[in-house]
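So this first bit is one chain, no partners, the form predicted alone, shown in structure tokens.
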Amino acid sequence: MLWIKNVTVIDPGQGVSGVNDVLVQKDKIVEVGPSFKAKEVLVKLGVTDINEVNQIDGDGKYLFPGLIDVHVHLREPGQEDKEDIASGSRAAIRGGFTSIMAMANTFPIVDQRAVVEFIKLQARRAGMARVYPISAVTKGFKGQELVEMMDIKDGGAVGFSDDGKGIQNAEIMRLALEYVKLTGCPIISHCEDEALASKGVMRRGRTSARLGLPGIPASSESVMVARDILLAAETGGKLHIAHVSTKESVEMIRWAKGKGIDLSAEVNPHHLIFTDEDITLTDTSYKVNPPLPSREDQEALLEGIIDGTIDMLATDHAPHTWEEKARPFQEAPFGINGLETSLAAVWQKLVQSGKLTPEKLVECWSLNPAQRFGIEGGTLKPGSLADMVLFDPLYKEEISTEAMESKSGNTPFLKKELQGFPVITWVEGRMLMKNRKII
């Protein structure tokens, strides 16, 4: 049993934003309300001795519903040198994420029920964040034949994506949006026209020209966003656009929502914090796909979050080994490590600066993901699971690989100090992280 006192509760699902007390019994939220007395707590929790209740003073801190990351690469099975389900789910807990969705680009690819069930089993064994598998859309990521969607959904998948490869064949994408209606799940689209992207390694523009690096035009994303929106309108299938990074994409998503198309979208923290101007030839942690945006694109992405055009934040946590990222910029793989730094980075760069409210942050990183993907969480409503994050806006930490739970350290925040971190994380009422240490 738990009594959190004098904490600023942020729960957009209930319209709660202010100092409250929170009571938890076993794995459920019992009540959220202002300043309980000890006698009240005993009655509400059904105990006779207040010493049976763990009491935490939350003065000066925030309590969020557990964050939900809809876009994570855990690398298991097949690339456990980069990350595995145990290390990735520990990193999630340390970052304030109580539920994460694991993408399908593993070896073997998650394109059959047995692999989905394996991921769920490994997550249960790890006993950390809940892991929800995302299945491939097409067998072997080949873009030719759809997976057995209903069977895989019954095995535990909550969405379908060939993330890492855009589905180039429009008819295959149309069929996927038709068939996915049987499952109630969304197609998560990696929008990238491979012919336009070619062998580019960063956003095409002045910076790519100055650095002498081949560029990826913004149109390689936006033309596919337009195609998939039109196909979703035609089929009535549920569509989710992954890692939006261009102003044209934001404009088309805004238009589509105005037309009532069943559509949601996410943006990655690194696209809101960095631009192509931050890229140097010596730091490959800035090499991501889609590439870092222009300043104009970044402004449109932030506006899209604020006005609700973009529904979610998602880390696109993509760990790689040091050896891989130590290659020259053109040869290094795309990807950034994000689970343990993203909340702090967004808080420091966007919330503290007044560009984003705490309420909008929690809405985009907890409430909306839960509702869109039909999973538990997203609120501190009485009776809901006690997935919670105690967040200290004053806590400072220098990012180091020694302290990280992830196996990989490909983040531009290494050796830099950030302010604002989760200090306690609970999953179903179990305290799994305290004072930045996994218990």
Ligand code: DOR
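Numbering starts at 1 and runs along the sequence shown. Quick caveat, the model's predicted, so the values are computed rather than measured.
Beyond the structure shown, there is the form predicted together with the named molecule, which is absent from this document and is the topic of what follows.
- Though the named molecule is absent from this view, in the model of the complex it lies within 4.5 Å of a heavy atom of just one residue from 288, 128, 279, 250, which is 288.
- Note on contacts: among 318, 364, 346, 176, the single residue with a heavy atom within 4.5 Å of the named molecule in the model of the complex is 318.
- Residue heavy atoms within 4.5 Å of the named molecule in the model of the complex occur in exactly one stretch of 220-228, 158-166, 299-307, 251-259, and that stretch is 158-166.
- When contacts are judged by a 4.5 Å heavy atom cut-off, residue 133 does not count as touching the named molecule in the model of the complex.
- Contact between residue 153 and the named molecule in the model of the complex is not found at the 4.5 Å heavy atom cutoff.
- In the model of the complex, no heavy atom of residue 112 sits within 4.5 Å of the named molecule.
- By the criterion of a heavy atom within 4.5 Å, residue 204 is excluded from the residues contacting the named molecule in the model of the complex.
- Scanning 319-341 for heavy atoms within 4.5 Å of the named molecule in the model of the complex gives 320, 334, 335 in sequence order.
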